[in-house]
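There is one chain below, alone, in structure tokens, taken in the form predicted alone.
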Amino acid sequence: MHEHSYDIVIIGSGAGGGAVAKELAPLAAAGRRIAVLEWGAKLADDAYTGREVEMARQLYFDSGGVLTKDRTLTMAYGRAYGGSTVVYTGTSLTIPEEVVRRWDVPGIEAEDLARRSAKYLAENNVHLLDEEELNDNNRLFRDGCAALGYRVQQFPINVKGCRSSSLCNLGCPNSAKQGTHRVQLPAAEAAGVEVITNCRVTRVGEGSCEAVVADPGFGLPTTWEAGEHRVRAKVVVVCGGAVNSSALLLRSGFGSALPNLGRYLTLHPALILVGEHPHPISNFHGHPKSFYCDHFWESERFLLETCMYFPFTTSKNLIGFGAEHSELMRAFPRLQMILVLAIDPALPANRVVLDRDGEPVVDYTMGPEVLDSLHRSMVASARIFFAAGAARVHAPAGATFFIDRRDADRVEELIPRSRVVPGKISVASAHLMGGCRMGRSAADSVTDGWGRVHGARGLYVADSALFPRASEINPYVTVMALADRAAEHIRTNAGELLAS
């Protein structure tokens, strides 16, 4: 067993861990020992090849196909130096005031989160793309929404020197995406923060954690030897993401004092729809996610976004097999895509649990409310495709594989609610939230509004696990804002927390 001693250990290097590391870097520059322990590997710039299967294996847990307990939904979340910010499209939104009010967490105010978010928007070079940088896939969505009177807005994104590869979800091969691997982690390391990759933390306690270092067979070498490690630290900040942060605390025995640990998980269940145009469109060149439609956000509880996935991901999200499936895939240069996101309620039964080996299992059920939202979102998406000029549409719950343009006025009939059945449609998620929810006390939550675990001195959570319910938008910047709060609390109380 290798032994180490630090003042602060941060577990995970994504939006939460990277932000915490950068904000605590002044302590490292002043002589405090701070380490980031990251399960994933760090890739050299030339290792981002854009090869779909290869990059999915290296940058995601289970190649981006983690299944829920009932196998009706797949989840994609990153494992790398930079966490999910490496494979995120970079969409950067500030959480709406209405959502913060619905969260109802003491000390969490919309104005405070907006101020902190603005800092990261500036750090990460967030901006709107110019019109000439938008591809047809995005323009068609915007124009289709506008033709129907649906409210549509452009996504601000965190790129610098984008070369329109459209490979955001596979790790940018041009170093353009300004995730924590490009911004916050290098700044933290320059100030003296250590980052140890290929390091899986298996247990955590007040003042210590245990980890295993192993070579995954790719990426840059780590600085610690392979094997088991025990790390003593006065402050531990857990930033492993909603599933892994919850599982780590459960595995470490905190569940007995925190009955809501692992619970109230939300996922923004998602579907992909495609519309085939009669002529080629620019789709897999250019940024894949430039617009979103929040027209139905309050009334029907779903969001629509532009997206463009590559062949493997696209094919697995189409329903059916055989000639029709093959025909649609051969039409790839003519395909327009829409991603739909249902805004799911936070329910205690939707949770992270452990299997007999101590590994996380997501026990999540899509209830009628979510299935209703998915149904309505498919109907709205089909209408957008046809308004944008598509010749035919493929919807996961369609009564037929294709809905032809001549039937555009029958989309509600041809996408019946009765066909929206878990396990019969391909539902996915990349927005995993909750499990270590903020709140008032151990009776209703896992942490307070600063991310401090109730009843545990020096133990914090600083990632999307903190969300008491869905963010109702893409959560990336909100994670950084909450991590910023945790880091501020640690800095402010450093004298007490780091006293020997």
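Just so you know, these numbers come straight off a predicted model, no measurement behind them. Numbers follow the displayed sequence, beginning with 1.
We do not show the form predicted in complex with a small molecule, though everything after this point is about it.
Peer 1: Using 4.5 Å between non-hydrogen atoms, is residue 103 touching the small molecule in the model of the complex?
Peer 2: Residue-level check for residue 103: no, no contact with the small molecule.
Peer 1: Does residue 83 reach the small molecule in the model of the complex, with heavy atoms at most 4.5 Å apart?
Peer 2: The answer is yes: residue 83 has a heavy atom within 4.5 Å of the small molecule.
Peer 1: Taking the small molecule as it sits in the model of the complex, is residue 142 in contact with it (heavy atom to heavy atom, 4.5 Å or less)?
Peer 2: Residue 142: no contact with the small molecule in the model of the complex.
Peer 1: Can you work out whether residue 37 and the small molecule are in contact in the model of the complex, taking contact to mean some heavy atom pair no more than 4.5 Å apart?
Peer 2: Output for residue 37 is yes: heavy atoms within 4.5 Å of the small molecule.
Peer 1: With the small molecule left out of view, choose which of 269, 275, 78, 179 has a non-hydrogen atom within 4.5 angstroms of it in the model of the complex.
Peer 2: Comparing distances to the small molecule in the model of the complex, the residue within 4.5 Å is 78.
Peer 1: Of the residues 445, 68, 58, 474, which one places a heavy atom within 4.5 Å of the small molecule in the model of the complex?
Peer 2: After the contact test, the surviving option is 474.
Peer 1: Quick one: which of 351-359, 325-333, 275-283, 236-244 gets within 4.5 Å of the small molecule in the model of the complex, going by heavy atoms?
Peer 2: Selected range: 236-244.
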